[in-house]
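Only one chain is given next, in structure tokens, and it is the form predicted on its own.
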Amino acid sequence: MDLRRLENAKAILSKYHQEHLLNQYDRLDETGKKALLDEIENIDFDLINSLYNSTKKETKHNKDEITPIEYLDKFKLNEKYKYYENIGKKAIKEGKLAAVTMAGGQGTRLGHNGPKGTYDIGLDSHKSLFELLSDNLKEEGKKYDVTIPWFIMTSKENNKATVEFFEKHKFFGYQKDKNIFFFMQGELPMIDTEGKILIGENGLIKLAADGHGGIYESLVKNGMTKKMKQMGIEWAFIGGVDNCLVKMVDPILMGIAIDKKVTVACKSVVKANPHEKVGVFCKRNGKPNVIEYSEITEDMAEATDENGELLYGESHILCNLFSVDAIERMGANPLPYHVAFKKAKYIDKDGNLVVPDSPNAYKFEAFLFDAFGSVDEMAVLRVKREEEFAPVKNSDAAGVDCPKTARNLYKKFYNLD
């Protein structure tokens, strides 16, 4: 092992009072030692310090001006429907669209041991979420006589298992590195309440994915946007792996974006009720944004327009279309991080595994919609929940957004009953 690297790591850790990160160093094999030194050299300790300091600041009372955002209803476009559809179809036929699936999560909450995309929601076909998404992409590709390139964002935790799953299924007819690409999302260390970075069970740094807001930076850093441009792709639809009804290829959404000359176009579904706990589209200080349900007052939640429609009723469902240029701009600068206080296992200074029974560590995540404020205008298209939004987030015991509800919506939409 390179002693100079070890001495360099010690100097870095001493400067930032994180010397404990080498406590398990001598117990690691050569591969582990190299991995730990790699991690230490790649950590932005100044960023970690500033994130830790942010956990101690009281949240200031928000003085932002929140106003409703305009939207289009897909089923009230009338004569414009065909107009937008034709514009979108032309662009798709010309190979200008790619699909990006965020699939960095594990299926732990579902009681599934493996990447969430490998989960079987219980259809008679026993198809995984990945296969359901690939079926839809291939079916749409046939309509336009193109192969829609598929970019899949994994995490360090599940990348190997995800790629192996695709290999086992012969990439569902796709060709690796030709029209299907895998790339990893970024990670940030977890820190305790004293600002010390945690050591994981493997003796390496305890890392956690940086949230779906890391998608832009990950696409750029991993060379995916460059690849898209080389392939003549101008637009990328970004969605989550857990929505089995996601429509990644939508000529209406694409046509609206192109016609209105916006670089971001998003889908929404109307809130199930005024107090549904979802983020909704709005304008914040005149710029497009998503406001969390916790930020909305009761009066705002219940406010309606002259047609009786909720003023803040358009739920963000993580179905967003971006121009590749916009992704590159958004990926040039990291988004602000939000802090979450979580339970995290770690190795203490004596080498013992600690399994906490209450939250003990800070995790930092960026939210995809925080980038919306960097554009002046974007399009919001209301679609039908029962046609495009069947997420699998919870176990069946929860009764909502679970395998059972998703399965029922999927079967109903595709007439499988």
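The structure displayed is predicted, hence computed values, not measured ones. All residue numbers are counted from 1 along the displayed sequence.
Not pictured, yet referred to below: the form predicted together with ligand UTP.
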Exercise for the section: Go through 39, 387, 365, 370 and name the one with a heavy atom inside 4.5 Å of ligand UTP in the predicted complex. Expected result: 365
Practice task
Taking 4.5 Å between heavy atoms as the contact cutoff, choose which of 175, 86, 108, 202 touches ligand UTP in the predicted complex.
Solution key: 108
Problem - Stretch from 162-170, 262-270, 307-315, 206-214 whose residues place a heavy atom within 4.5 Å of ligand UTP in the predicted complex - result: 206-214
Problem - is_contact(residue 240, ligand UTP) in the predicted complex, heavy atom dist at most 4.5 Å - result: yes
Handout entry: Proximity of residue 153 to ligand UTP in the predicted complex, heavy atoms at 4.5 Å
Key = yes
Exercise for the section: Flag residue 191 as yes or no: does it have a non-hydrogen atom within 4.5 angstroms of any non-hydrogen atom of ligand UTP in the predicted complex? Expected result: no
Problem - 4.5 Å heavy atom contact, residue 404 to ligand UTP in the predicted complex - result: no
Handout entry: All of 102, 116 and 185 with a heavy atom within 4.5 Å of ligand UTP in the predicted complex
Key = yes
